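Take a look at the structure tokens below, where one protein chain is shown in two forms, each on its own, as structure 1 and structure 2.
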Structure 1
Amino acid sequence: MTITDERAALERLYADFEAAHLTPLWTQREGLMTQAPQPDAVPALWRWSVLHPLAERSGDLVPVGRGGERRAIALANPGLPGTAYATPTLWAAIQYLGPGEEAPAHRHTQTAFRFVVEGEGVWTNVEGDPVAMRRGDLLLTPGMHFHEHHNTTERPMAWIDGLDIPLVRQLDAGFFEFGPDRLATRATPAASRNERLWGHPGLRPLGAPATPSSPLMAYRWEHTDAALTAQLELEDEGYPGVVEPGHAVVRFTDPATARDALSTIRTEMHRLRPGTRTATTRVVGSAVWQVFDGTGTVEIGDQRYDVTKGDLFAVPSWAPLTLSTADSGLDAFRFSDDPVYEALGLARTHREEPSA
């Protein structure tokens, strides 16, 4: 065969591949199977000072109600155009509820949480159990739990929602159902029933109903703060507790299993003591962070952001991440898809040892 003939034969072969819905590996292998993860998602920053006013404007212009369901505005990673995804697996949004507003009940396969960077006065009813939302609290909505929110005050309130929408969409695994149009309850107790049963350290209530996901659905700031404070105090006293010098972390867990509070999303609160710089770490899997208090600097690969309260940033898979803070110290909430990788045997972490 001449080179020309061969080229023609190859062209015919490739045309026949296409007609037969086939694709050769040898032309694609390099892009499909990279030497290390090459995410389309990019490091990205969303400033609270931008987000919050836009949410406020939405509050004036867009009603909350059946259909759209929530006044939530999602972080759209610039590397994933056409999507509303913060990372390939994680959804993050600011949700905004005006005075007296109600977001109606629904339930879905997608796992959700809310984290409150400021404000209070909204209750989220989860399967009819009213859960107060206050600054610093993490509130869970495990998959297929009916939930609805209502603002009991004269002031608007905004918070962030985290979900595994992109993962569930990619896996074609999602089911969704509308709930009743009227609120299940207007009660506004300080503590939800699930907290009263499950919110005692190391104590299992024998009479509590079995649940497929975390029975504790509210993690209050007072406990989170106390735990982080204790870790840094123990460090001062010379005892173990911090993950690295000046860096305290708690992970939110299901008290009935001691595993991650949510099956597909890891949730953690980090505290950096003033003057701390973390080791640079790469993790397979992506994360979204929100600054809860203080100020600091985030380095993700080549990107460098100065961040302050409410700012959110996305960390793509295997991107090197370093956090630091000067005088103020830094409290930051992190959520990630780590449990997915651990469950599938795909987890990998690399920690650069700091140079002297």
Structure 2
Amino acid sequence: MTITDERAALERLYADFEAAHLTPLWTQREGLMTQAPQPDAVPALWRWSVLHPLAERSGDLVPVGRGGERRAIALANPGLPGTAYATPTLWAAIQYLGPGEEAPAHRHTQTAFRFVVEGEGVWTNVEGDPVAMRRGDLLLTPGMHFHEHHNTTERPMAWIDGLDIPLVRQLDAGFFEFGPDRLATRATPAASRNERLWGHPGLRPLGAPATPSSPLMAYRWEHTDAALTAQLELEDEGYPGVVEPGHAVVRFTDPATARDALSTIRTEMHRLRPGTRTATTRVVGSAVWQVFDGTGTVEIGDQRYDVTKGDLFAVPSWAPLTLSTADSGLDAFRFSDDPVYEALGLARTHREEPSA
């Protein structure tokens, strides 16, 4: 066979591959199996000073009700055009509820949480259990739990929603159902039923069954703050507890199992004392952070952002991340897809200590 004949035969072979909806590995290997993760998502920053006014404007113009269901504005990563995703696995949005407004009940396969950076007076009813939403609180809505929100005040309130919408969409596992049009309850107790049952540290109620995600729907700021404060105090006294000098972290966990509070999303709160610079860390899997208090600098690859209260930023898979803060210190909430990668045996972390 001549070179010309061989080339023509190869072209026919490739044409037959295409007609049969086949693709040969030898033309695709470098793109399919890279030497390191090459995420489509890029480092991105969303400033609270931009987000909140836009949410306020939407509050004047866009109603809450059936159909759209929620007045939630998603963070769209510039590296993922055509989607409303913060990362390939995580969805994040600012949700805004006006005075006296109600967001009707629904449920879905997707796992959700709410994190409150400021305000109070909104209640989320999860399976009919009324849960107060206050500054610094993490509120959970596990998959297929009916949930609704209502604002009991004359002031609007905004918070951050986090869900695994992109992951569930990619897995073709999503279901959605409308709930009743009327609120399940208008009660506003100081503590929800799930907090009264499960909110006692180290004490498990034996009469309550374990659930796939945490049965505790509210992780209150006063407990988070006290735990972070204690870690830094113990560091000053020469005892272990912090993850690195000046850097305290707590993870929100299921009180029944000590695993992550949500099955597909890891939630953590980080505190850096003034003058701290973290090690540079790479993690397989992506994360979204929100600054809760203080100011600092975030370095993600070759991107550098100065951040303050409310600002959100996305960290793509395997992107090097460094946090630092000067005089004010920094509190930041982090949520990630870490549990998914750990369950699949794909988790990997690389850490570079700060140079002396």
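Residue numbering: structure 1 sequence, from 1. Here, rigid core means the biggest group of C-alpha atoms that superpose within 1.5 Å across both forms. The structure presented is a predicted model; accordingly, all values stated were derived computationally and were not measured.
Each structure shows the same chain on its own, and structure 2 is the form predicted alone. In this core superposition, E6 moves its Cα by 2.5 Å between the two structures.
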